[in-house]
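Encoded as structure tokens, the following chain is the form predicted on its own, with no partner shown.
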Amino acid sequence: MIVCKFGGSSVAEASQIFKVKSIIESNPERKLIVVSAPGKRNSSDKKITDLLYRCHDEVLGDGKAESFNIIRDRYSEICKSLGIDDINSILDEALSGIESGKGPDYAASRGEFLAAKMLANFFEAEFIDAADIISLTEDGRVDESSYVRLNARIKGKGRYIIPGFYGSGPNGNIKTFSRGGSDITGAIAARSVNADVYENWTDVSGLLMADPRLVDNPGVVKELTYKEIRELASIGANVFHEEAVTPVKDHDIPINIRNTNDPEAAGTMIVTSRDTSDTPIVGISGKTDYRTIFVEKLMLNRYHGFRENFLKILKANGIIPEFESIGFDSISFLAPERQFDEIDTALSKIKRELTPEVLEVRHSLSLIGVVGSGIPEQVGVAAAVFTALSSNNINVRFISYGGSDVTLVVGVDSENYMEALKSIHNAFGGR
């Protein structure tokens, strides 16, 4: 069995849904389909999910979800173009639930719910409500019983449509995943039926080595591992919902990123392991606007609990470092600049309680993550990164490697960020 998840761009309008139908019908093994809410049709359009959140806010204001009329018109237009009955009664029910105060999660979930209802009609498939089969714990984890329930529902030769993005919380109410969470629903479905492959259909022909808005013509990554995809997400790449890896990883179910608009393209495969000989690096991404908190104290390593107490004070003031580098008498912590509103209060307490000899906040840095299983396996990969930067007269201010053996993080002055990103990409783009 193949599980397919179609993103918002794939169901944004009728012309896209006809493409989805063609993809599904081209392979009888594509039996279980997860759908997102309709996305943007053009750059000036609104996503249905955004409109639903607006509806919730409107209800909090004057009790009426005025923007729901836009949503109703959108679904009615799609139904008419598909040649199927409208879903006005279901739309009425959704509006009633939103205006009765069922909350933001309920409101946001109706985009996927309505899309799945509509497509179940168009595909002549059985609709399965995610709220009936996916149970979420209070902290948003998937209850193991969800996999058993969904597996029990998938019987016979027909097709099944499931709305993505939500399930039921411990109290039985609708609970959504974070944005992009339909990827997670697809992974849950794939694990439930032990799928041969989990196809994730979007509007690009696979994952790109770098952000095309920042780097010219980045190549498509043909294959990468579960570990590599999570590392790319951690360093800022908006590639695939990192939580969607967990349900399929331990069951060795490959993920195939495909393009609804170019279904013949092979896309990108996400697998357990891969050959790194030709492609040591799979992706380059970055994060901007970081500050360094530098602390120095002679014989620091003998002051037990110094690091832990330092971090405790920072956290109490809303500063949570994401990277650190430890020396014999010093430590550097890197945190996003947006967290620094209470930095003076934190520094005052650190000086008073921990008595460091040097404590300072240093200038803005940008971080670039180079991700690939070839870093520990092939000689010269890390050297190529530093050579590329040196050749462009870019100084390295921070290095982090070892926390993950497939990710090398370098920090550069923020004014050099774009040039650094491009130079590293060029060093590996042809490899």
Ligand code: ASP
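This one's a predicted model, so the numbers in the text were calculated from it and none came from an experiment. When you see a residue number, it is the position in the sequence shown, counting from 1.
Quick note: we don't show the form predicted together with the named molecule, though the next part is all about it.
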One residue of 113, 198, 165, 201 in contact with the named molecule, assessed in the model of the complex (non-hydrogen atom, 4.5 angstroms): 165
Just one of 179, 141, 251, 315 has a heavy atom within 4.5 Å of the named molecule in the model of the complex. Which one? 179
Just one stretch in 398-406, 369-377, 57-65, 31-39 has heavy atoms within 4.5 Å of the named molecule in the model of the complex, so which one is it? 31-39
